[in-house]
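We begin with a single chain expressed as structure tokens, specifically the form predicted on its own.
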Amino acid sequence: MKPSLRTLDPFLGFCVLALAALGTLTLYSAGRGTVHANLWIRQSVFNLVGLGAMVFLANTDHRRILRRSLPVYLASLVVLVLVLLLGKVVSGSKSWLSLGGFSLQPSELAKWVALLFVAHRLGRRPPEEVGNLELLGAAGLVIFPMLLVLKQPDLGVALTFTPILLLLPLVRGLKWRWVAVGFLGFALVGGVAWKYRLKPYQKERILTFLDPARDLQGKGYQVHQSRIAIGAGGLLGEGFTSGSQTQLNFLPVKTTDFVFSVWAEERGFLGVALALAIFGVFLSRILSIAKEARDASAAYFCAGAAGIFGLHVLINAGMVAGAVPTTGIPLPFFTYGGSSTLSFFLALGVVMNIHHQGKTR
């Protein structure tokens, strides 16, 4: 069957194109006069490849994809193990595989594969027939790849698996005991991770978040400069390619972790409000598609997708403002990166097909 653009949801399509365009312009400005000057061109290629993949999956019955989620899930686990054995270390984390001159970060795709498989398993039976053992099994399917990612170690990507776990109480209805168990489990895991798993630089990030002034020339430098850039933007911003923090290279990692700081400095409060409004429409539309889904598995996938996208936006925006610790979680369609960008578009392709199937029933 020849791929058709009629399977695409116009609201999601507009949001994706708008965000990708804004993100590419921001990368162009962030890279001017540096070794990253051509990153916006590479990101444009990633976006075009991603759009093609999204259209392809939008024309592929999502039920066929869900039925094949088990072998894909197992393959993703094998690849995550290979990363630990053969991966390339970048910024202190062994998260990358080199393939013929190209670098791939499998963990970015692994969370979407885990969501596919969990959604498929939970959606095979009515919610009232799903037992506690099945819910625990589904949790294990998420936690296992999370642990492999933590072993790299990559705390930021590992955190992006957590919205999938929120599907479990949704299946049986959210009850206070689920909330209590969730908070207890989070506290327990956090304590164990702090003592045994977190590296010194990760602990320092958390301590610097709690008190940025403790190391303004070291770990606190990034957040401090980001706040200056955001404050310099004011109401209307300093203008395209005119941000002093950006153009004078005071702002660190401005094409990845702190790319939204570049946008805030150049476009100001109104520009930030516009970008967040587009993200808001984007997320609400995915949740609307979840409501109109033809089957439970599709609804679970859309709900989980909204959670993953929402977590990315929430943590990255909070990170550049100093409201949450620096974790390296990318901002969808803004942050430079081929693996993350492609994974976002692939997930949206499945969501688009769910929309199309729900519309044609």
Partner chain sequence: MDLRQSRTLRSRLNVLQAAAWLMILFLVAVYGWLQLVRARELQRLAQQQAVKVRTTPAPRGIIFDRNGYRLVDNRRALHLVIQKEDLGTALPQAETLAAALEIDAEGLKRRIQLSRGALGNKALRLLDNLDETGLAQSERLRARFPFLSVEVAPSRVYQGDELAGHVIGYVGEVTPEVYARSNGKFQLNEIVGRSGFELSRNEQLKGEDGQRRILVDHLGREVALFGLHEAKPGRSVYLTLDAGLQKVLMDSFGEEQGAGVVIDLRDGGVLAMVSSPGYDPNIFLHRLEQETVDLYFRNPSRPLLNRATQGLYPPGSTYKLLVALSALEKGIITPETVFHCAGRKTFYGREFRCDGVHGSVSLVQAIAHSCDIYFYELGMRLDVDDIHATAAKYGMADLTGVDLPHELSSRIPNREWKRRNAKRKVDEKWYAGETISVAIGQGQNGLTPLALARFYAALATKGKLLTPHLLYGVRSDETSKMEVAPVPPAKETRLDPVIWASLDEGMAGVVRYGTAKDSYDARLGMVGKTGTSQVTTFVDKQHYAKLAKKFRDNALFAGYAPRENPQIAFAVVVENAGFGAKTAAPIARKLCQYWLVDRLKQPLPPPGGKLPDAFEKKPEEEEASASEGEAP
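Note that the structure is a prediction, hence the values are computed from the model and not measured. Numbering follows the first chain given and starts at 1.
Keep in mind the form predicted together with the partner chain is missing from the figure; the text below concerns it.
Q: Within 4.5 Å of the partner chain in the predicted bound form: all of 235, 287 and 310, by heavy atom?
A: Spot residues vs the partner chain: full contact, yes.
Q: With a 4.5 Å heavy atom cut-off, would you call residue 54 a contact of the partner chain in the predicted bound form?
A: No, no contact at 4.5 Å.
Q: Using the partner position in the predicted bound form, report whether residue 49 sits within 4.5 Å of the partner chain, counting heavy atoms only.
A: Residue 49 lies outside the contact set for the partner chain.
Q: May I ask you to check whether residue 225 falls inside a 4.5 Å heavy atom distance of the partner chain in the predicted bound form?
A: Residue 225: contacts the partner chain in the predicted bound form.
Q: Report yes if any heavy atom of residue 58 sits within 4.5 Å of a heavy atom of the partner chain in the predicted bound form; otherwise report no.
A: The answer is no: residue 58 has no heavy atom within 4.5 Å of the partner chain.
Q: Considering 114, 138, 80, 272, which brings a non-hydrogen atom within 4.5 Å of the partner chain in the predicted bound form?
A: Contact residue from the list: 272.
Q: Of 36, 294, 63, 42, which residue is found within 4.5 angstroms of the partner chain in the predicted bound form when only non-hydrogen atoms are counted?
A: Contact residue from the list: 294.
Q: 332-340, 24-32, 65-73, 300-308: which one contacts the partner chain in the predicted bound form at 4.5 Å, heavy atom to heavy atom?
A: Selected range: 300-308.
Q: Which residues, if any, of 259-290 lie within 4.5 Å of the partner chain in the predicted bound form when only heavy atoms count?
A: Heavy-atom contacts to the partner chain in the predicted bound form: 260, 264, 268, 269, 272, 276, 277, 279, 280, 281, 283, 284, 287, 288, 290.
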